[in-house]
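Below, in structure tokens: the form predicted alone, a single chain.
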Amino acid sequence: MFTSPLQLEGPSIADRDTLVKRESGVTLSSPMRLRMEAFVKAQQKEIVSTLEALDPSKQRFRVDTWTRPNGGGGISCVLQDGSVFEKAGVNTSIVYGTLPRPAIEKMRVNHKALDPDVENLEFFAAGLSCVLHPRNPNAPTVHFNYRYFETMDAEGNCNAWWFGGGTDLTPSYLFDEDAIHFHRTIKEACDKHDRGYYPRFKQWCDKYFYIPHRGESRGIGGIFFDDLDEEEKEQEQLFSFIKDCLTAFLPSYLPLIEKRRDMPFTEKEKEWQQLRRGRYVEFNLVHDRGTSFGLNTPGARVESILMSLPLTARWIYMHDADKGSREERLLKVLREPRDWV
């Protein structure tokens, strides 16, 4: 009697990528997935280092490095109870996995390059996300996320790809000069690549970060975009755009936190900040697609997904802002988004 020889599975795409990075490093000729991974990890280090330098109490980020069974992993950097930030998170996520046919069919609505005749496809996703919740109610909360997604054949050759991302500002108290500076800095990054990007992605942001059950936006906007692929621009052009957007983050936000972090505030103003953070929680848990996708992904790292939530928040029954108050002024802008530049 003869038995067939044991069939050993070859190395996974994640294993092969790890070997390439170890032996050859990441260069301009490397696959886009490796270049995006290297870029977001470098940006994470720079942002964490810069934010730590702001804190006179020398509070440091807790750094958690984690891995996924199917390949990839991430680095979650979270700071809590600092003197400048009540909570701050800067996370990278690198994911390898397999898309089943129903997911492929759903994605083909926006990406015709996906092969419709396969039962499954290997995929890769890389992203850097950041949420900062300051202690001082005069200082705004800020968020950004920039990401890359691609599908591959069994050999690791790219089949389809796209970029997504954006950034937005969420103040508890509105300072027009802060809003103008934030939006102007983002616009300058966009204008380097396409003067139509900022107005288009600003409108997309206003629409996305809307809380329907409250009839108001989460904040005062920024930019938001998704599914940017070869139908938009060439891959290198879009990668350059993503890099400019991400490197514009610190110049867009640092002047604001440096200006507002030491301003005096009252208990009433702190209470209002907690109410606004309640709205932040409502949007993230009820309407945010990224949170929903993450929580419904098998093997998801819940702590990293929910790092965007503030350390504290508050809900007061039937709360109304006083007429003519700073609080009422903010609500008017949240209900009717404004053009800042």
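All figures in this text were calculated on a predicted structure; none of them were measured in a lab. A residue's number is simply how far along the shown sequence it sits, counting from 1.
Another form, the form predicted together with another copy of the chain, is not on view; read the next lines as being about it.
Trainee: Report whether the minimum heavy atom distance between T312 and another copy of the chain in the predicted complex is within 4.5 Å.
Mentor: Contact check for T312: yes, within 4.5 Å of another copy of the chain in the predicted complex.
Trainee: Tell me, yes or no, whether D55 is in contact with another copy of the chain in the predicted complex, where a contact means a heavy atom of each within 4.5 Å.
Mentor: Judged by the heavy-atom cut-off of 4.5 Å, D55 is well away from another copy of the chain in the predicted complex.
Trainee: With heavy atoms only and a cut-off of 4.5 Å, decide whether L285 touches another copy of the chain in the predicted complex.
Mentor: L285: contacts another copy of the chain in the predicted complex.
Trainee: Hey, in the predicted complex, does Q80 get a heavy atom within 4.5 angstroms of another copy of the chain?
Mentor: Taking the distances in the predicted complex, the answer for Q80 is yes, it comes within 4.5 Å of another copy of the chain.
Trainee: Partner absent here, but in the predicted complex, which of 70-78, 258-266, 139-147, 223-231 has residues with a heavy atom within 4.5 Å of another copy of the chain?
Mentor: Contact criterion met by 70-78 only.
Trainee: Would you kindly say which of V26, L306, M32, V48 lies with a heavy atom within 4.5 Å of another copy of the chain in the predicted complex?
Mentor: Only one option qualifies, and that one is L306.
Trainee: Since the partner is left out here, which residues of 200-219 would have a heavy atom within 4.5 Å of another copy of the chain in the predicted complex?
Mentor: Residues within 4.5 Å: H213, R214.
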